[in-house]
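A lone chain, given as structure tokens: the form predicted alone.
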């Protein structure tokens, strides 16, 4: 350790701080996945002067937040003793610049790390770069293991997933108390189950993904927009992807219209099977859609593995699945759902098949149950051994 840290802070105290940061970081795990939840602190004269966390996927990491907070204290940089991190800093450019650059720019002389990056492509690189720049590194590797702090990140780095990459997929649906996704006649205009607070929360989620995926059944039944509206981030509207094997999407569909004032929508991609009607193909492209032919799967529809690969190739890393029971079930059976968010409204009965059976057999390695407005919300990461159920 640096001389200042050694005089004022013992290793047990550092370990205790790392454990505290790791626990606090986990409250953001569902918002940052597939990224790891990370906590950071800056010490001055042996005391914590700033804390920061990775709070939102695609936005600033913990290191950026903690440096900004330390700057606001007014304590000069030369009095910053050490940066404490639950995970080795990133060295690659993704949605944000590499954190290693911000650390080196700060001039801080000591970095304490509680776990190495588990990605073999980057593991140890952050520490090596810090040491090469003359920064003292203290590795307390067993303090904040990813298995405890961010086990979902280990799923993201599974060998099979690295070999055949695909986006992190969040399945979101609203259901009645009996699991139907369509309310009884005369309720919610035939569409709305969840309350206004949940509807606003979904807008925030839409602004934090690269794509929204749906099926032709949802387009024909609901004529949705799949736009981002306040309080969602209108500056980052996701692309809208429709799985439509036979090109039944009407050229007059609402999602093909220019978004209205106060909302934003990404490009519309319609994924069909090869040999679908050329006339419909042309009509959809005239209406503004991008049409992409795919191979036929065994169920006479678009092959979901091909869809996942295509999304990845388009730069989509976090995807929201907003669909009906048929496509939701297809994704779940195929093992392509990583995370779920289910809103259960105060509505009895409903129309169509129930997702209740699926919810009953899903296995989670992490889940939370919360109340939001009038709704009950279940959020969780699915375990690998429940895939292909």
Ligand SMILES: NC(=O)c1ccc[n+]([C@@H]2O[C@H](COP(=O)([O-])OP(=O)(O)OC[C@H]3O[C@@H](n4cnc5c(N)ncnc54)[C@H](OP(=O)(O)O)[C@@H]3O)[C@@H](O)[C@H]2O)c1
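What you see is a predicted model, and the numbers here were worked out from it, not measured in a lab. Residue numbers count along the first chain shown, from 1.
Below: the form predicted in complex with the ligand, not depicted.
Stretch-level contact check against the ligand in the predicted bound form with heavy atoms at 4.5 Å: of 140 to 148, 262 to 270, 240 to 248, 95 to 103, the positive one is 240 to 248. Mapping the unseen interface onto this chain, residue 218 counts among the residues with a heavy atom inside 4.5 Å of the ligand in the predicted bound form.
Contact check for residue 330: a non-hydrogen atom falls within 4.5 Å of the ligand in the predicted bound form. Within this chain, residue 153 is remote from the site of the ligand in the predicted bound form, having no heavy atom within 4.5 Å. Among residues of the shown chain, residue 173 is one whose heavy atoms approach the ligand to within 4.5 Å in the predicted bound form. In terms of contact with the ligand in the predicted bound form, the residue from 193, 205, 115, 111 that brings a heavy atom within 4.5 Å is 193. Proximity to the ligand in the predicted bound form, taken as a non-hydrogen atom within 4.5 angstroms, holds for one residue of 345, 34, 324, 52, which is 324.
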